[in-house]
Structure formats: structure tokens, C-alpha cells
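Given as C-alpha cells, the chain that follows is alone and in the form predicted alone.
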Amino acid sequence: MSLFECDVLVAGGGSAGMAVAIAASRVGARVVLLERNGFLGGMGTAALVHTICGLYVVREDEVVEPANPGIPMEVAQRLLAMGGARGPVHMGKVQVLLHDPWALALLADEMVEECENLTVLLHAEMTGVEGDDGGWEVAAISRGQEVKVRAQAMVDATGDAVLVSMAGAPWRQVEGARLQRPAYVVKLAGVDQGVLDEAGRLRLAHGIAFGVRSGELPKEVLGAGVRAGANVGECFLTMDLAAGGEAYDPLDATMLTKMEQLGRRSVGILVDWLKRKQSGFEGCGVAAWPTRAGVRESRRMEGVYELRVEDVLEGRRFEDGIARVAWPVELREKATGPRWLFAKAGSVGEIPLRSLRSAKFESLFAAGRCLSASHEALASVRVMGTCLASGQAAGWAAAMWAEKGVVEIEAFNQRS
């Protein structure tokens, strides 16, 4: 058995978790980061999500306005400098940064390796949590070998509130019929770049719809679309999965198995059809499959304050605001496409620190997709750019708790 002692334990190494660990380490905390995959980056690597949303404020003009300083913009700038990103690119009313998923994985390695007091344990899956505000002990396993970590504060960045649940803290999850549908993304090669413009993508959408109506394609592919990636000559195929309909449960192993199988089967059918039926796709093939499908919503921690959709749409500011909300409410409750709700013009809301703190334990925090937010508000704050920002804030807060036993918002704000 391996035993680690630290100030802050971080569960999950996606965009939120890596930001938590880096931020806490940079202010002097001893940090241990547990990640189940063999790489960091979460949905931005494992699920081949290839756009970082939420980095830039939604504006009526063409001005590029960063939403949150610090680690979110550092990640963007370093990706651009290493040739692993392109943008920001305008897509309708929003601006996104196109990124290469494996460039993000490499950058994550670089950034955590720069932190001397940060220990990263990949291939580590949590098995249990014991403790309270007096101290925590987390058990994990790696290929049959046990790992234990003792910490003063913990941050759940698992996306599924796994740490929160294991710690006995309260959490919430809406019924399966309302949960946002998961995404299945693959990288394609051999696609004529001329079909990736707006007109070409519209023709493809019409072709897929006709294929479904004629019975050539299954209904599962109806919302599929393609988009150019960060690198010249590459593109990504994305489809949302119905994934069990009203019975959808992204925490159930049987359901997850069927979801992954459905994604692979649907992509195989669609790619074969594209090669036979669509101009510009004759030589296409799958160049990279995801490690896992991209789950958009599951458990959320019950925090001191639950961020509401009205807070997002009205641009509400908080005395303990720690990150700006720079993405519209993007509800994907059906596999056929999103429903968008935009904040009123000129307003940018915030996430309060209270939404990162457990309602039960003062030393337990959450960041990213499992922070305390309503189903509709989560549809805004779940994106990677905002996850980086909430992770940075949770890292600072957890480090401060570990050092002082209290989080002082005045001192906290000096870092932002």
C-alpha cells in the first residue's frame, strides 16, 4: 500500500481538476491529484471534445473579451503558442477556441510537472472516503494495488460528484428524461475540407435527415454533424445520443455500456453511408475513437448556494463571485440538437464561492460539472472554459482552508 499526506486532495483531472490542482499548488499547498485515465484533460481529451467554450464573453460586436483571467487564459495562450489550438473562432453569437485534444493532454502534463508540490496519480480509481472537517482519508486502487491519501481539504472534480457521494455529502440529480444527452465524438480523416464550411455542413444535415426518413440511416444519427478541427486537414464528427431515453442514468454501468456501444455502432453506420452517399467524404475514415462518451450531466453537489438559471440569464453578480459565466444556457435534453437561452445583452453573471462549497462539510469543495447548480444553470457552467475558472477558484479556496481553517473572500479576491 502507498500512503500520501497532503493539504488538498483533488479527485478528477479534467479541465476543472487540473486547474484546481495547479492553482492550489501555486499558492503553496501540497496537492495530490487522482485521475482514473492515463492522461489529464477530461472531456477535452478522453471524449475528443475539441472546442473550449466559455473562455470569451458573449458580445454583440466582434471584440474578443476574455471572461476569466489566470489559468483559463494561460491554457488558451499556451495551446496557441504550441500550435495546438486555433482561434478564437466565431460560431454564431459565441466565440470558441478550437483545440487538438492531444495537445491539451501534453500541455496538462507540462503544467502539472511545473508544480513541485503536486503529485499526480494516474490510473487511480477511488474506492472509499472517511473523515470530516477534522481531516480526510481517501482510498483508491490502481491495478489491484491500494493507495491511501490523507488530506485537510478535498475538491471533487470528477464530473459525477463521486467524491461528494463517497464522503456522505448531499447531492442532486434530475430525472433521466431531463438529463442532458451525452455526446459521441470521433476524429475523421480523408474528408475534403471544402465540405466543412457552413453551406457544406447544412447540405450534410439535409442529407442525413433524408437518409433517416428513407430508412437508410438509423434515427440515432439524426443530429450528427461535422466541424473542422484546430489542425489543417482534420475534422470531427459529433452526435448526441438518446442513451436510454427517460431511463437514462449516466452512473449505471449497464447503461454506460449500452451508450458506448450505441455510439460506436452509429458512427460505423454513418461513416459507411458518408463514403457511399456524400460528395467530399468518399475517402473518409475514423482516425481516432474516444476513450469514453462525453457525459454532460449527472450528479451535482448540494452546495451552500445553488446557482440558478435566473442568475445566469440576468447576469447576477455576487459579493463572493469567483468566476464569470461566459456561455449561454445550452440545453441538450434531446439528441436532435440544443436549445439556447442567452443572457440579456451586456450582462455577464458570476458563480459564487458558495456554489463550490458543500452544504455539509466546510472542507469539501466541488468544481466543474458537479458544482452546485440547477439543471438549467449547469447547462451554462459545465463547459471547459468555465470549468477551468471554477477549478482555479476551488483550488485557491481549498488551499486557504487547509492553511487557515477558513476561506476569507477578501484575501481570495486579491488573487483573481
Ligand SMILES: Cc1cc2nc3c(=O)[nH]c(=O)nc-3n(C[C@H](O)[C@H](O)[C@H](O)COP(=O)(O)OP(=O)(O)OC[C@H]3O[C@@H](n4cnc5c(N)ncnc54)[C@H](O)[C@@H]3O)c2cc1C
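The first residue of the sequence shown is number 1, and the count goes up from there. Every value quoted in this text rests on a predicted model; they were computed, and no experiment measured them.
Not pictured, yet referred to below: the form predicted together with the named molecule.
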Can you tell me which of 363-371, 349-357, 24-32, 58-66 lies within 4.5 Å of the named molecule in the predicted complex, counting heavy atoms only? 363-371
Within 4.5 Å of the named molecule in the predicted complex, do we find a heavy atom from each of S15, N37 and V295? yes
Contact flag, V155 vs the named molecule in the predicted complex, heavy atom cut 4.5 Å: no
Within a 4.5 Å heavy atom cut-off, is A377 in contact with the named molecule in the predicted complex? no
Verify the contact flag for A389: yes if a non-hydrogen atom of it lies within 4.5 Å of a non-hydrogen atom of the named molecule in the predicted complex, no if not. no
Within 4.5 Å, heavy atoms only: does R308 come near the named molecule in the predicted complex? no
Of these, G303, G159, P72, P101, which has a heavy atom no more than 4.5 Å from the named molecule in the predicted complex? G159
Though the partner is not shown here, which residues of 179-215 have a heavy atom within 4.5 Å of the named molecule in the predicted complex? A183, V185
